[in-house]
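This document opens with one chain alone, in structure tokens, the form predicted alone.
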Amino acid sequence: MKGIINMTRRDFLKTGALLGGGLVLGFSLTPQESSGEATAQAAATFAPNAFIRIAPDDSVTIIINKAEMGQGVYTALPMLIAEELSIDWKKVLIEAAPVAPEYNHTEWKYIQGTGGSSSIRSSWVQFRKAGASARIMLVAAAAELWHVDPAACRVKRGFVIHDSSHRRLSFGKLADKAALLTPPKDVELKQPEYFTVIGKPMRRVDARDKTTGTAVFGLDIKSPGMLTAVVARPPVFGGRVKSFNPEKARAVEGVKAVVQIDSGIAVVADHFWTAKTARDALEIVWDESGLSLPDTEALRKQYDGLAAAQGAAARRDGDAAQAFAQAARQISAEYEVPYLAHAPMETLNCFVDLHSDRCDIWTGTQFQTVDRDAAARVSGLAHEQVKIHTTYLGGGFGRRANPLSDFVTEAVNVAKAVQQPVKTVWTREDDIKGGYYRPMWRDRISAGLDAEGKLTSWQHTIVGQSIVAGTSFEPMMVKNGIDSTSVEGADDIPYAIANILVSLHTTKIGVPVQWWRSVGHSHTAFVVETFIDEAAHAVGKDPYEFRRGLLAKQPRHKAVLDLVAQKSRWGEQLKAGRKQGMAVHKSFNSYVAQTAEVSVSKEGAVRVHKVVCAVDCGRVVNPDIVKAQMESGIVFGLSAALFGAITFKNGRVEQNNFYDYPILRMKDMPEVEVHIIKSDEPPTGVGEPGVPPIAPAVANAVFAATGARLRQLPMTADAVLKAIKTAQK
């Protein structure tokens, strides 16, 4: 009874759900070795390839080599196998893949990971072939037992069926026989007209676990004897420990160790709050000598100076400067967007069980191979001695795909220092102040239009940090001084303009940066789509018709634009005080158009009432997941557009927690409609493409409502009032 009384609400939910049955994932709340019974079961399992395990009890375990961070891969990827294999959905089990070459990303080749809205695209053929291969072997096994032609057999919901003799055997009953067969070299995949699973709104397999509290996130991992560490890191990036006094921290009851590691001072205790309280009691003198301390106001001046001159050319069509000089109408603008934190709801964490001959790591990661290799370097072990156990991720947005494996290597360093199983946990403040942000960007853009209002010149200069400079990805992603992620969405604009110049200044600032949901598109879409809107108004044209006229050779852009205009009733009368803005953008090979219905209060507060979204992401595997990801991207993008900003003063991050780095609340959530264009093209990304269009759509709606152009994010009330005042001059 005492144990029940002391249970948390989440623990209670977990216990109740486990007693009630349901989907079981391939990892445990208590890390431990496999039992003998489990080993015997594995020996009797039919494993036709790296992704499928069929047991005698008819359960089908699907091994997923992507991280589930809310985007739905634990449902969508099994659907690809289910389409070809025809399994009973109720008997599907999910297991996170270990790090192994067979689980490498099909496009990235040498690493296993999740990102770039690539999970379905990269697995579309791979997972279907895995299912088809298993189907062929199971049918062959049944046909051999029945002495019939395999062509006379079919599969349905976990059974092989021979119609003429009315015989059927479950996959589990055929497992032993099928396991003796050689996997086929070539398999024929289903034609789309015969799909029965792909394209259907299948229920998410993780829904029950996440609503009952049984889903295992990194923060949920527990192990006998496990300690918890919280690390004191330098208040400025690049700072080092000069000296520290651990006595007050050690005096806190429950503290087991206070140790210095590369990233700072780790306080290790029996519980999180004990470690956090003791960390706050540390007396540390930090060495900040020789560091260039970033300051937002100083960076603005530096970036503004760079934007005034042309940078390294990322795209050059015709002679944009000459065309601009000869234009009948010239317009120009300057834009600024801030550093942004990822702010996943689950803060960073990593549990490490380190021994002299092995290292087991439980964490929510997007970069399994990179983290495994980094952990091996730090621990001094061989790669094969390090095991990554991927849990659910409580949000990733790119932060858990760190090229330097910062939070994983730190946790391994802590485990080395204390020689006990230890989980290193970041607080919310640690997350907000911990770096690896979306970079700050400054843009200068100009356009020339002829007497008929046609765009003849487009000059766009971009200033900001490279997110891959100094990482192992730099040789692949930086060409001729251009980081492709800095200019994506700008150097490939779809509009028919004869003369285009897009150039880049890459800055070197002591602020750690990396990819953030939608990467470069998160800033380029805002600049391009608000400036296109500005060009339309400059010549007195409707923004929708103006865009349409420039997209004659871009049918997929035009299709989503037309659909969103139709569904949002573009141009019709809205409720008093409300106006619409629109944007269209291609990212990760998907096409998204959005309209935002907005009002602005007398105090300058922007309220988004409704967002209509049209998306073309090729062939759809699960429409519910596509809609959810568009909604998710809109929420994420709105949070950044309305509130998000990381700023620096004397090298120190000024934000701390959600009270001064807010995210969208339920009361601010607009109504969202998502419309999917039917397509026979191969599937493309949905995790990120919903983010880029929302900020420009809202900014364009604010202009329609107030006559003020917002060229700096976030759209705070003060910024809106300032823009209105400027527009009225």
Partner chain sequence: MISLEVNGNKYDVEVNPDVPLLWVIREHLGLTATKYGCGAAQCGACMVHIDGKAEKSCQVLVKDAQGKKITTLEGIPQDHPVIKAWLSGNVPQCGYCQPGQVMTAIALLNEKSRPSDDDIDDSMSGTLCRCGTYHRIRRAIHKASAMMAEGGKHDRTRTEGEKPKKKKTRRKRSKKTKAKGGKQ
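Numbering follows the first chain given and starts at 1. Worth saying up front: this structure is predicted, and the values here are computed from it rather than measured.
There is another form of this protein, the form predicted in complex with its partner chain, and it is not shown here; the text below is about that form.
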Quiz prompt | Joint contact, Glu283, Lys610 and Lys649 to its partner chain in the predicted bound form, by non-hydrogen atom at 4.5 Å | solution = no
Quiz item: Taking the shortest heavy atom distance, is Gly398 within 4.5 Å of its partner chain in the predicted bound form?
Solution: no
Quiz item: Heavy atom to heavy atom, is Val672 within 4.5 Å of its partner chain in the predicted bound form?
Solution: yes
Quiz item: Does its partner chain come within 4.5 Å of any heavy atom of Phe658 in the predicted bound form?
Solution: yes
Quiz item: Using heavy atoms and a 4.5 Å limit, would one call His271 a contact residue for its partner chain in the predicted bound form?
Solution: yes
Quiz item: So which of 46-54, 675-683, 693-701, 659-667 is the stretch with heavy atoms within 4.5 Å of its partner chain in the predicted bound form?
Solution: 659-667
Quiz prompt | in the predicted bound form, the residue from Tyr339, Phe636, Tyr591, Phe127 that sits within 4.5 Å of its partner chain by heavy atoms | solution = Phe636
Practice problem: With its partner chain left out of view, choose which of Arg428, Arg358, Lys177, Lys579 has a non-hydrogen atom within 4.5 angstroms of it in the predicted bound form. | Solution: Arg428
Quiz item: Are there residues in 599-636 with a heavy atom within 4.5 Å of its partner chain in the predicted bound form, and which are they, in order?
Solution: Asp624, Lys627, Ala628, Gln629, Glu631, Ser632, Val635, Phe636
